[in-house]
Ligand code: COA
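Before any questions on binding or motion, here is one chain by itself as structure tokens, the form predicted on its own.
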């Protein structure tokens, strides 16, 4: 499982911010050639990012991506042509409204991989929907190419396109978020949420991140390194989720040992959706390098807690 809990935007025209970008602990960094860079600086930023991909050691555990300019702009195609290289893991495509927007980038990336002698198909694509048209076309976009590993939502631009108001409750883009999750899951790819723009409001960030996790999102974009820890804390499985998943796994193993197709945990029957959820939780916990106790350790701890409670009540 590729963790994409956090995706940190890094301005592509800031030479001080690019070299240390991999040190902050984000799962993904996105060197930004679009919104963070004004029209007069697009070419310089592209050259800087292209060179950084060749010489900067971002670390092995971070996925290095670039947000290009929209493919129909004067800069989009040249962005792709210059940034494709060994260290580039993925490209975020902004302002996507149709599958054709993604397929154009897909075709161009393939062309550059062939030209530069790179493995064909290794560089992944991610599509960002920022308009009503893009959101409504999300199901088609999400399944248009095998390179596409995730779709995401651009909160600010989408709110403006809808004529709504960006508020702390996210009401203006709530339905759009649901549609993005539905499209992503139906296509078997990841759903990544938009940024929380007030990087000083950690309580607001935590609340929004927990909400989108409940909705089914796999990660969230961020604009400041201080937001990463909060986002990871929200997306990581809880201790209770991990322990329950371990119990489900043990129940499956017990049923197999008995030669039974009936799986039960206590008095509750375990069906396939619960099994799949448990498998995903344990895979996510392992990918996040979280402690996963054994079934025996869990039972031992539970007994110790029960005995301690009895002692507090004065029971033998």
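Here the structure is a predicted model, which is why all the values come from computation and not from measurement. Residue numbers count along the first chain shown, from 1.
This next part talks about the form predicted together with the ligand, which is not shown.
- Though the ligand is absent from this view, in the predicted complex it lies within 4.5 Å of a heavy atom of just one residue from 172, 223, 71, 246, which is 223.
- Proximity of residue 17 to the ligand in the predicted complex: non-hydrogen atoms within 4.5 Å are present.
- The closest non-hydrogen atom of residue 67 lies within 4.5 Å of the ligand in the predicted complex.
- In the predicted complex, the ligand stays beyond 4.5 Å of every heavy atom belonging to residue 48.
- Although the partner is absent here, residue 36 lies within 4.5 Å of the ligand in the predicted complex, judged by heavy atoms.
- With the ligand omitted here, the record of contacts in the predicted complex names 28 to 36 of 28 to 36, 278 to 286, 51 to 59, 247 to 255, defined by a heavy atom within 4.5 Å.
- Contacts with the ligand in the predicted complex, taken as any heavy atom within 4.5 Å, map to no residue of 279 to 303.
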